[in-house]
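First comes one chain, alone, set out as C-alpha cells in the form predicted on its own.
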C-alpha cells in the first residue's frame, strides 16, 4: 500500500526505570541478546545482602517474580499485539519488489534461526568485509540440492553485520513459479535474477546476493562437492560495474553434505518440470523423513571486496575485463573453500 507506514514496536512504551526501547533495525529481536554478551540471570536469594535461610524477607522476595522478567514479558506481549494490529490494519510498508521488512525481521528470520543457530551451528567470518553503507554485490557458491544455503546466508548477514544490513537475494525463475514459495520469497526480499532488478537494488544502496552457479551448482553430484561450476557469462560483474559497487566473494562450507545427491532421476525431473530430481541416501526411500537435512556444521566466510568504482561505465561492455573479474571472483571463492575444508575437523563438528 502506497500510504502504509511501519510503526516500530513499542516506540513510546517506557521501560522499567524510565528508559525507552532503542532497538536498532535489524538487531536482535525480543528475547535475543547480541553475540558475545553474557545472559543475565537474577541473583539467587542467598546471594542478596542480609538474606539468610529462614529469613522471612528473603522468602517473600523469592516468591514474587523479578520486575525485570515481568517487564520483559509485558514488552513481548505488547509488541506481539502491536504487530498483529499493524498486519490487520495494513499499517506496514512493502517496497516495489514486494519486500516486507517488518515481516522478515519479526517472523521469517525467527523461523529460520533455530535451523541456523542450533541445527547447522553456522560460524560467520569476516562479515565486516560487507560495507557498512552503500550498495554491494555478495557472490557466493551454491550447493546442497535444496537452496538452504541462500536462506542461511541471509540470516548470517541480518544477524551478524555490525550495521544491521539486510541481504536481498536474486532467485531463479522457478522460485517465483511455485505457489506459497513465491509469496514468501517476495516478502523476504528475494527478486528475479535479472540484471535490471539487481542494478536497481544496488543503485538504491542495497546489499544484493547472487549465486552464479545456479542449478548447475545446487544440483551437482556429491562426488563433485566443493568444485565450483561455471559462473555463467559474468553478468553479475557487468551489473556491479554499471552500479559502481564492490563485489564481495563469499564461501560457504557445510551445505554440500546436507543432502548427498548420489543420483538424478532425469525422466521424472522432465515430467515435473524440474531441473533435476535428486536421489539421496534417504530420499525418496524414507518418504517425507528423507527431506530432513543432515545436521552438518557450516562456515560462511566473506572475502576481501573487489572494487569496481575505478572503472568507467563503458567497462561493462568489455568482454575481456568481465572475464578476468569473473575468474578472479571464482578463484577467490574456490581457494577459500579449500582453505576452510582443510581447517574443519569434521563434517558434523
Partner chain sequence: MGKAVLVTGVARQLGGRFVHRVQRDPDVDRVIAVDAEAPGHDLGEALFVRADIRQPTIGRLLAEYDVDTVVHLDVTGTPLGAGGRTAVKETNVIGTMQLLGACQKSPSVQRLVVKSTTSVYGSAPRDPAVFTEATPPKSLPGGGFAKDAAEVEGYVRGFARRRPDVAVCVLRFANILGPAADTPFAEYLSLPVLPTVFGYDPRLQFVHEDDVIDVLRIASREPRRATLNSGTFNIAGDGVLTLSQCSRRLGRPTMPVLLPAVRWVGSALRTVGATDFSTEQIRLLTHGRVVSTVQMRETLGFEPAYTTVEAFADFARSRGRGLLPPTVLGRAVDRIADRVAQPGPGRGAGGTGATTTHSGG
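Positions refer to the first chain, counted from 1. Keep in mind that this is a model prediction, so the values were computed, not measured.
A second form of this protein, the form predicted together with its partner chain, is not displayed here; the remarks below concern that form.
You can rule out all but one of 154-162, 206-214, 88-96, 233-241: in the predicted complex, only 88-96 has residues with a heavy atom within 4.5 Å of its partner chain. Shown alone here, residue 103 lies within 4.5 Å of its partner chain in the predicted complex, counting heavy atoms only. Taking the partner from the other structure, its partner chain in the predicted complex has a heavy atom within 4.5 Å of a heavy atom of residue 197. Taking the partner from elsewhere, residue 264 is found to have every heavy atom lying beyond 4.5 Å of its partner chain in the predicted complex. Contact check for residue 70: a heavy atom falls within 4.5 Å of its partner chain in the predicted complex. For the candidate set 224, 128, 133, 183, a heavy atom within 4.5 Å of its partner chain in the predicted complex is found for exactly one residue, namely 183.
Contact residues in stretch 155-190 (any heavy atom within 4.5 Å of its partner chain, taken in the predicted complex) are 173, 176, 177, 178, 179, 180, 182, 183, 186, 187.
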